[in-house]
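What follows is one chain in structure tokens, specifically the form predicted alone.
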Amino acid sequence: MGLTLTLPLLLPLVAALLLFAVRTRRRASHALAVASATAALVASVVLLVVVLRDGIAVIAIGRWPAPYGIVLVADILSAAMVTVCALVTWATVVYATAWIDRSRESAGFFALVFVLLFGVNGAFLTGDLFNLYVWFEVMLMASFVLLVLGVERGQVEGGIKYVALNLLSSTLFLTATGILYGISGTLNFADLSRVLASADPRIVSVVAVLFAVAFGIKAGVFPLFFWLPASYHTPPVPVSALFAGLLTKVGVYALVRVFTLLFVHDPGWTHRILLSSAAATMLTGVLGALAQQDVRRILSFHIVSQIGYMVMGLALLTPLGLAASVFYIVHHIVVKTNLSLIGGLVERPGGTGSLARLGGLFRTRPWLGVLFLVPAFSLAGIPPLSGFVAKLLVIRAGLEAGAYLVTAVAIVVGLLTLLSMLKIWNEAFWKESTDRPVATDRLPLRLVLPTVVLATVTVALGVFAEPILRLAHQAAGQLLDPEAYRTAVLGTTAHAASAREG
């Protein structure tokens, strides 16, 4: 069990060190990067299988028991997140071997990708707040270097906005963590969920707002999202794809974790704030996308709008709402990464993503048009793709909870999302254009294969949704049962504490 739980951290760390050592040897670097990504994917699948079979997995680092030592914890949600993130990392690494130039590779691009994965997996598997902060900082350092690697003016400007807002988020996160430790004397998630039940609810509410703002910035929710569309379109396509698939989802995961395990003392207030923010996030994101005329900027704004659906499921705090949120996160990681990768293929012939300068792609590359339509229609919620199931779950959860206004917003945003995807289709694929070179060159298999794999997963998630739906409902059940989490992490300590409080 211990090796199974630690491999998703050890493999990316070892891979990053080895890749940095061979960064100037291109063929060796490519082979090692793909092999490492494959190994990480296999290890994550094994972890998910073990968690589904045996329940919540826990390991105490250095054999220091919780809540005093550092613990790694994998429940269904965290194991599923590790698995789907490993999948899109594999796809992005394969794609990057044919896209990233030699200078960026020599600067350590592939090593940084695995440092980023190391931080992402650590955030999913950590069992305490302070180490969550540490893993966020690992992610921030790796992502900032990836953002500005190769230094172009747009990248530096986007990087400054990205780092400034994320540093603000980290400051708020650390401040809230300090206050929480001051009132509870612990930072272990399981122990905090026990102690906060008897803490002053007014102080807990203030801390909850601080965490909502800190994680809201990282997730890109309204009104804290403006750094995202200003920076995500600036780096190379594989970096944008990684960011789209991974980074904001870690922020959403953190919101889900703390607002189901820690801050459930007054959901009529805290979760109502999240629900209002979710509606505004959906609406402003999609309106921003409709106003854009560049493929990558449109896709960046859609990251924002889709985050709103995930936060809506959390804010409802019902079994169906949380299951919808879990399914939506898994679906969106796959779809958004794939759209970013395909967006790169759309831009490649003319070296531009401007819709005014694109056109005629369906005539020269009809297969690319089909590949684009799969994730594009899934993002909009067209059956039988994964996005239809995800949106249907969210809408059903909203109706069952009586959140009619937010549900109406979710439906309208889905229609507007379809409109913006059709805009890209019409301008880039359907209309004729004489302003750019006709795409006649054959694309390398390493660019096409990852998009085909992710498109296949998108179709499978929709057509064969039942197993993933069962997984999502199981994950929701664990999130709504903090006692199971406490017992897994604290063992008899949790029972003894509960008995004393009783």
Partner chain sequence: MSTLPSLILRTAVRWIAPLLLLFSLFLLVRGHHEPGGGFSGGLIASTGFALLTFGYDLVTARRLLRVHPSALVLAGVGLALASGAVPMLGGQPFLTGLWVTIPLTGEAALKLGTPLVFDVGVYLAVIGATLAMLFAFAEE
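Positions refer to the first chain, counted from 1. This is a predicted model, so every value here is computed, not measured.
Note that the form predicted in complex with the partner chain isn't included here; everything after this is about it.
A.B. asks: Answer with one of I61, L445, V49, A31: the residue that has a non-hydrogen atom within 4.5 Å of the partner chain in the model of the complex.
C.D. replies: Exactly one residue meets the criterion: I61.
A.B. asks: Counting any heavy atom within 4.5 Å as contact, can you tell me which stretch out of 453-461, 34-42, 61-69, 468-476 lines the partner chain in the model of the complex?
C.D. replies: Going through the listed ranges, the match is 61-69.
A.B. asks: Can you tell me if L13 lies within 4.5 angstroms of the partner chain in the model of the complex, counting non-hydrogen atoms only?
C.D. replies: Judged by the heavy-atom cut-off of 4.5 Å, L13 is in contact with the partner chain in the model of the complex.
A.B. asks: What residues of 15-46, in sequence order, lie within 4.5 Å of the partner chain in the model of the complex by heavy atom?
C.D. replies: Counting only heavy atoms within 4.5 Å of the partner chain in the model of the complex, the contacting residues of 15-46 are L17, F20, A21, R23.
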